[in-house]
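First comes one chain, alone, set out as structure tokens in the form predicted alone.
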Amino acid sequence: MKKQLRQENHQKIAIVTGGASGIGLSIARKFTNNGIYTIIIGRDKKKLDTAVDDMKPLAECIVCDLSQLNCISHFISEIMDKHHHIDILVNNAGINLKKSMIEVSDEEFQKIILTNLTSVFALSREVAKIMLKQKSGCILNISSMSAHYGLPKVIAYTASKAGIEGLTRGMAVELSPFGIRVNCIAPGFIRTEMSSSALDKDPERKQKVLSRTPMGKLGMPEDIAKAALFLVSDNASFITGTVLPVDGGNVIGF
């Protein structure tokens, strides 16, 4: 009876990278609204503090540039010292570069890969060490429809997101036998401040996006957040290694 009571009172601890804005913030809010204590990671302290104020008392933030790989093990140790377990990791942080392939320098390409892929591996590895000891946990990666078909002028971003989906399957095969599920969401065109500004300035591109999306509209960050909550919940207890498109049908559109 005592053991059962402890399990019922277990406070889940989640980490959401890039959690101060856009999709990451929406996921963090969804988690805290459902009783999950959420630690958001980002580079902008002002944005992080504002986001945490909106989600108190179930949130805190850590300032870290994930491309500085040596900071990862440090903040994971801090989290463990304070909370003693990590139940959920959402790898959402990422950067983009819009430039013709032949104009992308080696340094620019490597910067995207470092931030969007290498840091995801490094953080997942450190969290997986903890989850293996717990014999439980969920890792959720955020990919993109760019991993499913070609998009012009985002070659490094496309490569990084294709890598994320391969990483998802590889981690799932290794970790799932030990009670750790690993899944991925591939968002379509989502209405964030950044995407809305870009599409509103390019009506032709916006029309193309909408015309090949069967549902005929942009998604909302909340759509990704709802899918994220499902995939890290017990309702998805037999789902691992999957990539879930949340895109209004964009990836199958004509």
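In this text the structure is predicted, and so the values were computed from the model without any measurement. Don't overthink the numbering: it's just position in the shown sequence, from 1.
A second form of this protein, the form predicted together with a small molecule, is not displayed here; the remarks below concern that form.
Contact with the small molecule, judged by heavy atoms within 4.5 Å in the predicted complex, is confined among 142 to 150, 81 to 89, 128 to 136, 174 to 182 to 142 to 150.
Although the partner is absent from this view, residue 58 stays clear of the small molecule in the predicted complex, with no non-hydrogen atom inside 4.5 angstroms. Although the partner is absent here, residue 51 is not a contact residue: none of its heavy atoms lies within 4.5 angstroms of the small molecule in the predicted complex. Using a 4.5 angstroms threshold between heavy atoms, residue 95 counts as touching the small molecule in the predicted complex. Although the partner is absent from this view, residue 232 stays clear of the small molecule in the predicted complex, with no non-hydrogen atom inside 4.5 angstroms. Contact with the small molecule in the predicted complex holds for none of 30, 213 and 245, as no heavy atom of theirs lies within 4.5 Å.
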